[in-house]
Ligand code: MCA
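Take a look at this single chain, the form predicted alone, given in C-alpha cells.
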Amino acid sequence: MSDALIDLPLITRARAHGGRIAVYDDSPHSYAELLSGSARIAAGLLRGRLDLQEARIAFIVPPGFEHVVVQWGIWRAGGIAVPLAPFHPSAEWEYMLDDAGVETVVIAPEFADRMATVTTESGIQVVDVATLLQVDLAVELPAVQPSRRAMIVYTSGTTGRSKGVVTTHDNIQAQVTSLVDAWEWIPDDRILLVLPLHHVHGIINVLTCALWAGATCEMMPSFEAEAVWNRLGSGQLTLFMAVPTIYRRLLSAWDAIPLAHREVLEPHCRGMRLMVSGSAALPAGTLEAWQAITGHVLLERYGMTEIGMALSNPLHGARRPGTVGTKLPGVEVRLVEDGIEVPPGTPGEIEVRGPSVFLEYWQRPDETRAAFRDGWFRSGDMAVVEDGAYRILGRTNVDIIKTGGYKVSALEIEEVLRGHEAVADCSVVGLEDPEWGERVGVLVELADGSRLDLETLKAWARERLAPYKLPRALHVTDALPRNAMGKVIKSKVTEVLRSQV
C-alpha cells in the first residue's frame, strides 16, 4: 500500500516520531503503526474513489489505538470525522447522523446491533473497524489541504439541542499548537486519558496535543477510580487532565486506599509536572483537597467546542483559584457589553478571535452569522477581569440571573452555597417571578446523612451573600443532572425547580 506524503502537518510530524510509542491501551502502539493503520482505514473508506471530498464519516470506537487510526484514516481519505459517544442513547446517534448527513459509520463490533436499529432505513453504510484494518490496497491517498473541513463535534447541549461545530485542519492545528506552546508539551510526556473522545477536552487537549508533540497517550477502556490512582502514582505519567466530577470521584476513592499504598502513590503524584481541570467550574473545596493529596494546584482554563481553549492559568507561577488566567498564545480575547469593550473590573461577554475559532455550525447559516460580531466569536459567557485574570461568571442565558434590577452570577452563588456542610454540590438558576423578574432557585445534592431546608440555608447564606443573591426556592435531589463531561444540564435543573413551585 502506498503511504504517500499528505499535506496534513499532524501526519508529517508522526513520520518523524516513527518508532516512539504513540498510544498505549492494553499494549503499546507506535507512530509508525498509526500511520500504517490509518492508511488502511483511508483506503477502505475510499473504495476506489480518489478523495472523499468532505463526506461525513461517523465513528463509534472505544478509546484506544483503533479509535485513533479511524479518526486519522477519515482525515487522510479527505473526509470529515464525526465522533459519536458510545454511551449516548440511540436517539442521539440518529439525530447526529441525520443532522450531519453521514455517509458511512465505522463501528467496533460491540455496537453493531444498536447501530443496525438506527441505520436500517437510512441508507447509511455501517463498516466494522476490523474489516477496514484488513484492507491491503495499493492506493494513493489524496493530498488534503489544511484549509479543509476536518471534524464535526456536537455541542454538549446543556442549554438547548446540540449543534454540529465544524472545524478545519487549520483550526485544529491552531488549537493544538497554542496548548503545546503554553503547557510546554515534549516528546517525553505521557498522559492518561480518562475523558470521552466526542468532546474537545479529550480530542484536542489530551489526545491530539500528545500526538502532535510526539508524546504517549495512555488510554483506559473506562473510568475506574482505583485504577486511575494507581496510574497517577506509578511514576510513569507526566500530565493528567480531567473534569471536576472526575476529581471529586477520585477524592472520594482516596480514603478507601490502604494507608501504606497511599504513601507509595503520593510522591509519584507530586512528581508529575501538570494537572489540569476544565469543562466545568472547579469548586474551591475540590481544588484544596486535591492539592493536599497531590501537591498540585489544578490548572484551570477556559474554552468551548467552538474555539478550543482561549484562556489559561500559567504553567509557571501562581494560579488563582476561581480564575482561568489570561489569553493563550495566538488567541485574541475581549469583554464587551452591547458590542463595546469594557475595562477591567466590569463584567462583559467573552468574545474570541483567531485561527482556532471554528468555521461554522453545520447547515445552520443563520446561527453561524449570529455567533459572530465583526469577526469576533460571541461566546455567550460572561466574565470579569480582576487583578489581570479572567473570572467566569457564567452563561448569559442561564447563569446570569436578573433579579430586582441586579445582575447576579449563578456560579458565584453556587460556590458560596457549597461551603454549607450539608451541601455536596448544587446548581443555581433563575426562575421567572412577576415581582423580581427572576428569583434565585437552587437544586441541592446533599452530603451523606444530611438534611436541609430553604429557611436553614437562607439563614446561613445571609452571612455570606447580599440579600438579592439569597435562594428563594430549594429542592433536594439524589444527583444533579449532568452530561458526559460532568456539566450540569441547567435546563433540567430549571424544569425540576419549576415543578416544585
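Note that this is a predicted model, so its numbers are computed, not measured. Between two forms, the rigid core is the largest collection of C-alphas that superpose within 1.5 Å. All residue numbers are counted from 1 along the displayed sequence.
Missing here is the form predicted in complex with this ligand; even so, the following discussion is about that form.
field: Heavy atom contact within 4.5 Å of this ligand in the predicted bound form, the stretch among 333-341, 122-130, 207-215, 239-247
entry: Careful reading of the contacts points to 239-247.
query: Taking heavy atoms and a 4.5 Å cut-off, does Trp460 contact this ligand in the predicted bound form?
result: Close contact is absent here: in the predicted bound form, Trp460 is far from this ligand, nothing within 4.5 Å, heavy atoms only.
query: Given that the partner is absent here, does Pro196 sit within 4.5 Å of this ligand in the predicted bound form, heavy atoms only?
result: Yes - in the predicted bound form, heavy atoms of Pro196 and this ligand come within 4.5 Å of each other.
task: Evaluate Ala150 for contact with this ligand in the predicted bound form, applying a 4.5 angstroms cut-off between non-hydrogen atoms, and reply yes or no.
output: Judged by the heavy-atom cut-off of 4.5 Å, Ala150 is well away from this ligand in the predicted bound form.
task: Considering only heavy atoms, tell me if Ser427 and this ligand come within 4.5 Å of each other in the predicted bound form.
output: No, Ser427 is distant from the partner.
message: Can you confirm whether Arg40, Trp229 and Thr294, the three residues that make up this candidate site, all sit within 4.5 Å of this ligand in the predicted bound form, judged by heavy atoms?
response: No residue of the spot touches this ligand in the predicted bound form.
- prompt: What is the one choice in Met309, Leu192, Val106, Leu298 with a heavy atom within 4.5 Å of this ligand in the predicted bound form?
  reply: By the 4.5 Å heavy-atom cutoff, the listed residue in contact is Met309.
query: Looking at Arg47, Arg472, His475, Arg464, which is the one with a non-hydrogen atom within 4.5 Å of this ligand in the predicted bound form?
result: That would be Arg472.
- prompt: Which residues in 99-122 have a heavy atom within 4.5 Å of this ligand in the predicted bound form?
  reply: Going through 99-122 in order - heavy atoms within 4.5 Å of this ligand in the predicted bound form - there are no hits.
message: Once both forms sit on the same rigid core, is the C-alpha displacement of Tyr406 at or above 2 Å between this form and the one not shown?
response: Yes, its C-alpha moves 2 Å or more.
query: Arg439: with the rigid core matched between this form and the one not shown, does its Cα shift 2 Å or more?
result: It does, since the Arg439 C-alpha is displaced 2 Å or more between this form and the one not shown after the core fit.
task: Taking the shown form as the reference, report whether the CA atoms of Ile413 and Pro347 lie closer or farther apart in the predicted bound form; the distance changes by 3 angstroms or more.
output: Farther apart in the predicted bound form, by 3 Å or more.
query: How does the CA gap of Pro244 and Ile400 change in the predicted bound form versus this form, closer or farther, if it moves 3 angstroms or more?
result: It is closer: in the predicted bound form, the C-alpha atoms of Pro244 and Ile400 lie at least 3 Å nearer than they do here.
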